[in-house]
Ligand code: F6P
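Heads up, the chain below is alone and in the form predicted on its own; it's given as structure tokens.
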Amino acid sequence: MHVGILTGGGDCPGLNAVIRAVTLALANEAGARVTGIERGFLGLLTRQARPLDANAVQGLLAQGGTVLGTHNRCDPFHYFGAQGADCSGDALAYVGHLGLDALVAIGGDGTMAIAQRFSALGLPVVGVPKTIDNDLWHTDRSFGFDSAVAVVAEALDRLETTARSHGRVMITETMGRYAGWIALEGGMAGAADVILLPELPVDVEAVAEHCRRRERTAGHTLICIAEGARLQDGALTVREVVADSPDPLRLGGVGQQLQQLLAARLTSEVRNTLLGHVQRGGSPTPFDRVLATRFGYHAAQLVRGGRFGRMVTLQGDAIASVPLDEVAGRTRNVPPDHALIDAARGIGVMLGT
């Protein structure tokens, strides 16, 4: 058996742990040969690959990023390098050239959508969910999320001390695209006074009034806002548009926008911090190391059992799998009635209105 592995979309902590687990499980339990495809699906078009074995994955468990490299714009069905042409046939030709019996694709919703299209063409594919945004359907957790939440919580811990010292309103903008999971869990873990999510309406005047009350009592306010939160007229704050990307909108700047709106309404000084890509970097948390290892091992079992066209999932504490076509192109948002929303409101966290 000869199995390929690739990492698509954005980087995040835990990718190397999955690569390690898939490689070791297939080698140890099936005597399989494993090949890493470099830079995600782009490597299938530029014909870049390298062998993986126990020595090649040694020391990867705690290492952030991905040793195979990744690419967040390459869709072989709409290839930016060929003016948007469908080059999936070229990718499949390279799969045949390598002699791959299966492909393990590690990535988020865009990667899963591409993997599903290849699966429909007959390529034996297994998906592994990766996204710091935690917004993939049918999995309660994706690896990388816990690591991102830890970064947000630490940032809020640090910002709270300076907010208290100066009597300021401190805003922290998180990643998460159209889902508010990072802001919600990071905000709760970092004791934010206000948490603003894409899934819930935001009344800027109500936020300002909450800050005024905090000024009279605690003397400062800590705000955690997701990049996809909508402040005015229900519009997203778009940083740039990348036309040849599977997800062309790049969000960012809503924290700065909120800073300007609050500064016009408050006597307190208002500051904004954009965490950006520090949420993606660094070593995975122990939770993510274990989850990524479990995902990688289960992906190897799906390959060994010939159960293709599926994505590994975490449901409760059990590792399972679902068909790729049930995941591709869908976003898992924070439900307005989620238990953590209720808990936040119950302890006095302001959620936008």
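In this text, residue numbers run from 1 along the sequence as written. Everything numeric in this text was worked out from a predicted model, so none of it was measured.
There is another form of this protein, the form predicted in complex with 6-O-phosphono-beta-D-fructofuranose (F6P), and it is not shown here; the text below is about that form.
Q: Arg239, Arg212, Arg271, His78: which sits within 4.5 Å of 6-O-phosphono-beta-D-fructofuranose (F6P) in the predicted complex by any heavy atom?
A: Result of the distance check: Arg239.
Q: Identify, from the list Leu156, Leu136, Met175, Ile114, the residue with a heavy atom within 4.5 Å of 6-O-phosphono-beta-D-fructofuranose (F6P) in the predicted complex.
A: Looking at the other structure, the residue within range turns out to be Met175.
Q: Does at least one non-hydrogen atom of Arg216 fall within 4.5 angstroms of 6-O-phosphono-beta-D-fructofuranose (F6P) in the predicted complex?
A: The answer is no: Arg216 has no heavy atom within 4.5 Å of 6-O-phosphono-beta-D-fructofuranose (F6P).
Q: Would you please decide whether Ile132 lies within 4.5 angstroms of 6-O-phosphono-beta-D-fructofuranose (F6P) in the predicted complex, comparing each non-hydrogen atom pair?
A: Ile132: contacts 6-O-phosphono-beta-D-fructofuranose (F6P) in the predicted complex.
Q: Heavy atom to heavy atom, is His277 within 4.5 Å of 6-O-phosphono-beta-D-fructofuranose (F6P) in the predicted complex?
A: Yes, contact at 4.5 Å.
Q: Residue-level question: is Arg250 within 4.5 Å of 6-O-phosphono-beta-D-fructofuranose (F6P) in the predicted complex, judged on heavy atoms?
A: Yes, Arg250 is a contact residue.
Q: Name the stretch, out of 121-129, 175-183, 256-264, 86-94, where some heavy atom lies within 4.5 Å of 6-O-phosphono-beta-D-fructofuranose (F6P) in the predicted complex.
A: Heavy-atom contact with the partner occurs in 175-183.
Q: Suppose contact means any heavy atom within 4.5 Å; which members of 68-102 contact 6-O-phosphono-beta-D-fructofuranose (F6P) in the predicted complex?
A: Sequence-ordered list has one entry, Asn72.
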